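This document opens with one chain alone, in structure tokens, the form predicted alone.
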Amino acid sequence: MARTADVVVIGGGLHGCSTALHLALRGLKPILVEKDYAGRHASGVNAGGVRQLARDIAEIPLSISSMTIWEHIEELVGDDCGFASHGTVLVAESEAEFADFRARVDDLQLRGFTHEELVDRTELRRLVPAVSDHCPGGVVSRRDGAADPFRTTQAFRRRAIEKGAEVIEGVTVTGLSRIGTQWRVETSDGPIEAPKVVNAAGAWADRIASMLGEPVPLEVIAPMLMVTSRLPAFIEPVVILRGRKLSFKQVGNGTVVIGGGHRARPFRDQNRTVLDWQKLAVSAATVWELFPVMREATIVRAWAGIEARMPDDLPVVGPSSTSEGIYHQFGFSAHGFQLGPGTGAMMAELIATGATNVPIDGLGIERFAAG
């Protein structure tokens, strides 16, 4: 006999756990299926940035709605998830880059978005006193911050179970077929039947989509991170660059987490990655140049997590273009952590009511239909 549910959620990262929780809060019975354990890959090992700053226009509504949830995260999941709101600062390293940032902020304001604020050299130095003197200014999103990614994913998982969701870990989805009004999800632990299915399978989501005749050009990536020895507190906001790859934040114990996009080599079917030490050295050199205070620090550990990137760096969010009752939620391209709470709420609303108040125009899977 097949298990039955109102919705099957495939994938136990933050997005899958968030969707399961919000479905349960709407009175539905979801079953979440995860091939490893919740937070095993991208959701548990990313840099933890809770960032509205520097997002594509198509993502901004989701990001803004998600930030509202982040600011009340403990009320939702019973854990503050280590969330601290000290802002995110995008540093300009040249006058030309600063001019580009000014044009971006002006354009956003014309569209009605006010979360990005241009700051001059004086305000940049006030926000980030340790930054190099050559930087002429930047952009700040003052409500942004950072959280503990694995702790956050586990908090959503626990609360989803408390509210009635079933979470099955260590189980692989092997097939997907339509039987009347139901979808039959074949798994290594037996079938599950439900009228609705959410594909939140991360770096494996293209395989689920292919079962539906919706192949997508998903790239498997493994962004790398490093953490340093402890230093006296010297910075509160998260710092990012655009000209060079860098994200940079100091956590409460004094260590500094360094990321920004340099990638390891992923082996998704083996659940492992191979670090690229030359690229890590490039990240370290960028930090050395931009923050002289870091020159006394040592690198303690480096790692990478497997995740999915789409060709346009935008996630696939919304209904299937081929199969009624299927919804996609994957491909967050190394910037999906902040979006998790809000995208889960939006997806639950879409499934429960057939519509959503948060615009997701431009994020549908149909944009890849022409190949």
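In this text, residue numbers run from 1 along the sequence as written. Just so it is clear, the structure is predicted and the values come from calculations on it, not from any experiment.
What comes next is about the form predicted together with a small molecule, which does not appear here.
Examine residue 309 and determine whether its closest non-hydrogen atom to the small molecule in the predicted complex is within 4.5 angstroms.
Looking in the predicted complex, residue contacts with the small molecule do not include residue 309, since no heavy atom lies within 4.5 Å.
Even though the partner isn't displayed, in the predicted complex is residue 161 close enough to the small molecule, meaning a heavy atom within 4.5 Å?
Contact check for residue 161: no, nothing within 4.5 Å of the small molecule in the predicted complex.
Do residue 10 and the small molecule share at least one heavy atom pair within 4.5 Å in the predicted complex?
Residue-level check for residue 10: yes, a contact with the small molecule.
Heavy atom to heavy atom, is residue 172 within 4.5 Å of the small molecule in the predicted complex?
Residue 172: yes, in contact with the small molecule in the predicted complex.
Specify the contacting stretch among 129-137, 197-205, 86-94, 283-291, defined as having any heavy atom within 4.5 Å of the small molecule in the predicted complex.
Single hit among the candidates: 197-205.
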